Structures are given as C-alpha cells and as structure tokens.
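Before any questions on how it binds or moves, here is one chain, the form predicted on its own, in structure tokens.
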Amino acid sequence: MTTPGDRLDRGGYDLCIRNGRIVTGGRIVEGDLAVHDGRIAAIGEVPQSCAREIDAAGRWVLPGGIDSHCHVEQRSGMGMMCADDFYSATVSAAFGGTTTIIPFAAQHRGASVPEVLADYAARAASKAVIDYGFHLILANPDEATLRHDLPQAIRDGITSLKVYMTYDRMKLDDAQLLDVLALAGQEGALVMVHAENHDMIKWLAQRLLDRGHAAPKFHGVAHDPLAESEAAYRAIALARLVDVPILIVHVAGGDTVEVIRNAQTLGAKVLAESCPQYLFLTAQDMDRAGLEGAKYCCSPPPRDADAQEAIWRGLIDGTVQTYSSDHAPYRFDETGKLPKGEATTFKDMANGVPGIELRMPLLFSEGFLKGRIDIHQFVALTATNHARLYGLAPRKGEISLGADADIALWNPDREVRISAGMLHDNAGYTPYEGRTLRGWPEVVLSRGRVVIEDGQLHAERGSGAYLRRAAPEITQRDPQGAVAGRPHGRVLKALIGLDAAKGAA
C-alpha cells in the first residue's frame, strides 16, 4: 500500500506506470508509479486515474541510467573527431536505458575555458534529446585558467574536470596536477584522472615499432598494466599530499584495483570507475587478422580473464563505485581508426570503443540476471552513484518522490542478439557483435516524456536540458575548510600557516 510518504498530493496525474517491480530507496515495491509535471509524484498504489497509463507487468521499473564518462562531438588530442554528435549519441544512449549523460568539453592547448564551454553548450543545446551536463578536460592549466576561468566554470556548475597523465598533447606533469588538485580542493570540484605512465608507454611503443611490431595487438603490449597501476598510485599520492579527493577513470587492471582498494583502506579519498570493455573484452580481441583488432583498442586496453574478475570484484565490494561507457566512437576508416589506411600502426589509430547504448544491457544481462550483482547494485552502479558523485542527486539517479521522472522499463525475458545495424550510434561497428543478451529497456522516460517506446524514438532534437551541477558531496567542505569532515592535509596546513605568518608580519 502507498503511505503518505510515497505520494505527493495531486488532483490527477499525467502518466501512471502500473503493476511494475519498482526499485526505490533500496527496496522493491510491486505496484504503481505516477508522474506529474515531469516529476515522480506517487509510488506504490495509485488509485487515481491518469492521462496516460503504461502496463509494466513483469517488468522492472528502474531509474534511467546516468553515463558520466562519454566522448561526444569531441576532437581527440590526435585531431580525430568522434563519429557521434550530440543527437546521435543521446539517441543511442536513450535506446540503451540512459537518460542523462555527462560528456566532456575538451580544452586543447591554446584554447580558453570560456570558449570551449560556449562551443560545446551551443552544439548540445540544439541536438540533445536527453538531459546532459559537462565535465571539463583541462589541458592548459596556465595562470589565467587557474586564477579565473576554472574557478568561474566550477561556480557555474561544471563541478568536475578531467586530467591526463599521458598523451603528448594532453598530459600534465606532476606539478601541474598538484596545481589543479589544490584548486579543485578550494573550489569544491572533483578531479577525474586518466592514469597511465606516459614515459613507460612511449618507451615500450618505440621499441616495438623499431622491431616492426605495428599490429593492433601491440597496443596492449605498449600499454603495460604497470603503466596504469604506477600512475594510479602516483595520482593518489599527489591527491593525498594536498588532501583532496580524486576519481580514477576507466580502471582496467587487477593491480590498479588493488592500489585503489589499499588506498581506500588507508582512508584516502579515492574513487574509481570501470567500463564494459574491461568486463567483456580481453587483449585477445585485439589480436585479429589485419587491422580488425583496432576495433577493440582503447586506453587503457582490455587485459585478461584475471583482470576481468578483479574488476567484477571491485564493482561488487564497492572499490569501484561507477560503471560508465567511456563511449569513444571512431569510424573504422581514415577519419578514425585507420588514419593511414592499411599502413596504420597501433600508435596512429584513434583510441576508444563505442558502447553508450550497450553499457546498461550488458551489465543487466551478464551482471544482474546471471547473479553476480543484485538489482540494487545494478541501479547504484549505473545511476545512483553517478548522481551522488557528480552533484545531480536527488534530482537524478533514483526513483523517489520529487525526483525527475527519468525511468526505464526493463523486460528481463527479452533476448537480443547484438549487431551494429540495430544500434543507433554512428561508429558503424560494435565490439560486442554477435553476443546474445537477455533483458532490455523497452520504454524510457526522460522528465516524464516517453522518449523510447516500441523501438521508436519519440523525442525532438534539442529537447534535452542542460544540467547545472552542485558540488559533489565528497568535495564539500565545512566552514573551517575541512574536506568530508577531515582537517586540511599537513602540507596545506603548513602553507596556510606560512601565509598567515607572512600576513601578520
């Protein structure tokens, strides 16, 4: 039965979902859900009539997914443009049960932060069919950026940023990372880190190429697991030095999971994310005839079966808090994966795999329905944790009264054989070709609008809304300047003391 706490007083509802298995607040409610003015207005038993009703008998009623790591209409550091714009990417996301994305507004060397954000905002506003926010990729932490542009962007709702420890045109050195981390700590932003040791990769790659080893499979050899685990350890040490939280993105290796788990055990504020490619692909996929292996190359690359199990354990025990797509769609031609045609080496090709549409179905089928995780873990990993980490809770990421009616109805009995032709992104291929998945989102709502139903899109270009985000909870300080209830780290304490002494003198 619905309790007073499960209903907002309404004279009538715009839409009712009837007879579903609703996952809400860590419990499963068999019953109804009502929507009014784009928000969830009742959960449980809804006796009132509704303007429209959807029968969800036999289906799971889950929060729409949040994909907090995807690359959309973005030019890579190598100059390659993603295959997807904000229309195709958001359409593809919606068909896969995702109702909010947080892609990257990518600063390249020489570009100003305000120009970058204005450019991405204009592109997304005219095309997105679901809601979206932005992270900022920071490649040029000069004085103007750190003193003015970045603080202003954070205050304007871009409360997370990404930095790279590799790629010639994107990487920051340790001193620059410390500058960014310290500023993020002051402003209440979360720093996401692509953690790979640039010099290890460069050294290995050059020696492989010198010996004629240019095939895609050598991408995995050059990006040795030690390059990831060392960089993750170093990033955590830098963050501990200035006492600010960080999030290690796209964790691939078992050693990296252990580095993060050990740091968390010691009390470090380190979070982690992983992706479908590290659960469902391995290095063997890159070892295919000709250049076919390039379709499976991303950074860090997929590892082996042991690494897959380590990622599963990390998701299950909470070491890894979020599961994102890292959707990086490049065509399998000269515009993306094969810039030099048949002469393309593993160092020439664009790194990344498409996955925005299959992120949730893969985990639902192979994680939840096969008993590796329960339904509450599925919801947390695909939606709730993203909202909490990135300043969107409680509006997004959960089914609760007053939250946006971002909802997906999943049929657990539907089987789907995956092919590139059934997907809605522009990559033209999928690394999961031929797999059969069980469970599929058949109806998807964004702010109460039915955007996907009966295999059809029912949303207009530009109908998605931009999301100005609050400071992530883990970054919020108390009035005395402590992060998450802890005092400043010893280094910042000493610097603050020196500044105070200088002022008194």
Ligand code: URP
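The numbering used is simple: start at 1 and walk along the sequence shown. Computed from a predicted structure; not experimentally measured.
From this point on, the text means the form predicted together with N-(aminocarbonyl)-beta-alanine (URP), which you will not see here.
- Not displayed here, N-(aminocarbonyl)-beta-alanine (URP) is approached by H250 to within 4.5 Å at the level of heavy atoms in the predicted bound form.
- The closest heavy atom approach of N197 to N-(aminocarbonyl)-beta-alanine (URP) in the predicted bound form falls outside 4.5 Å.
- Taking non-hydrogen atoms only, K162 approaches N-(aminocarbonyl)-beta-alanine (URP) to within 4.5 angstroms in the predicted bound form.
- Y167 belongs to the set of residues with a heavy atom inside 4.5 Å of N-(aminocarbonyl)-beta-alanine (URP) in the predicted bound form.
- Look at 234-242, 69-77, 283-291, 413-421: in the predicted bound form, residues with non-hydrogen atoms within 4.5 angstroms of N-(aminocarbonyl)-beta-alanine (URP) sit in 69-77.
- Of the listed positions (A328, I246, A128, V259), a single one reaches within 4.5 angstroms of N-(aminocarbonyl)-beta-alanine (URP) by any non-hydrogen atom in the predicted bound form, namely A328.
- Screening V270, C298, I399, V180 for any heavy atom within 4.5 Å of N-(aminocarbonyl)-beta-alanine (URP) in the predicted bound form leaves a single hit, C298.
- Within 4.5 angstroms of N-(aminocarbonyl)-beta-alanine (URP) in the predicted bound form, the stretch 333-360 places a non-hydrogen atom from each of N351, G352, taken in sequence order.
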